[in-house]
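First comes one chain, alone, set out as structure tokens in the form predicted alone.
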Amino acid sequence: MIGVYGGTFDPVHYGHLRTALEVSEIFGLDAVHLIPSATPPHRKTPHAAAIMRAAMLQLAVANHPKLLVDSRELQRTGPSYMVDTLKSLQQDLPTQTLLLFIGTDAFNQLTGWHQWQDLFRYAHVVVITRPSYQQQILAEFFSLRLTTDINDLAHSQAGKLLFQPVTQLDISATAIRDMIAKHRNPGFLLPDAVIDYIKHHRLYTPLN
């Protein structure tokens, strides 16, 4: 099974990385594809250029062979729709089961995503939650696909919904950018190699 974990990663931090590592172990994944969004359709334009966000990801996962930076969204024009990404991955990896990992905020807005129902044609959807998360009442579309058994995901290539608690570090990319803009030290929130890259390229700092 292959994990799919998208985001702006602006910048990547230990909250992202801990989640990716943990789900890789929980689900026994062959790999987790970390996919930086080039033009996110549901968020503001990222502060750092897509190629720089991908470079920071590469630095962050350099010593973790199961965490792979996948730049396919950077190579497409137009909005970075996840349904197109999953379709592309399925074409490249036709024998693999794909697990799309999203957070609870993203899940709550999922019905606003482009062709959101088709996500379940190409992958299982795993919602990453905090251990204290309380399950909400689901619409019929979701309740019909809900499972609580990880083993169910290996028995079909797509179509299931599962909620999985993980250790979620309370780290915010927005807070990190604000910290850097104020010339404060973001150490221990993200890898040193990423901090060095940010300093070298003067990312997230005022131009004046």
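It should be emphasised that the depicted structure is a prediction, and the values quoted were computed from it without experimental measurement. The first residue of the shown sequence is 1; numbering continues from there.
Same protein, other form: the form predicted together with a small molecule, not shown, and the subject of what follows.
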Within a 4.5 Å heavy atom cut-off, is Leu169 in contact with the small molecule in the model of the complex? yes
The small molecule contact at Thr19 in the model of the complex, heavy atom, 4.5 Å: yes
Is there a heavy atom of Thr174 no more than 4.5 Å from a heavy atom of the small molecule in the model of the complex? yes
Does Gly103 make contact with the small molecule in the model of the complex, using a 4.5 Å heavy atom cut-off? yes
Sort through 21 to 29, 180 to 188, 7 to 15, 194 to 202 and report the only stretch with a non-hydrogen atom within 4.5 Å of the small molecule in the model of the complex. 7 to 15
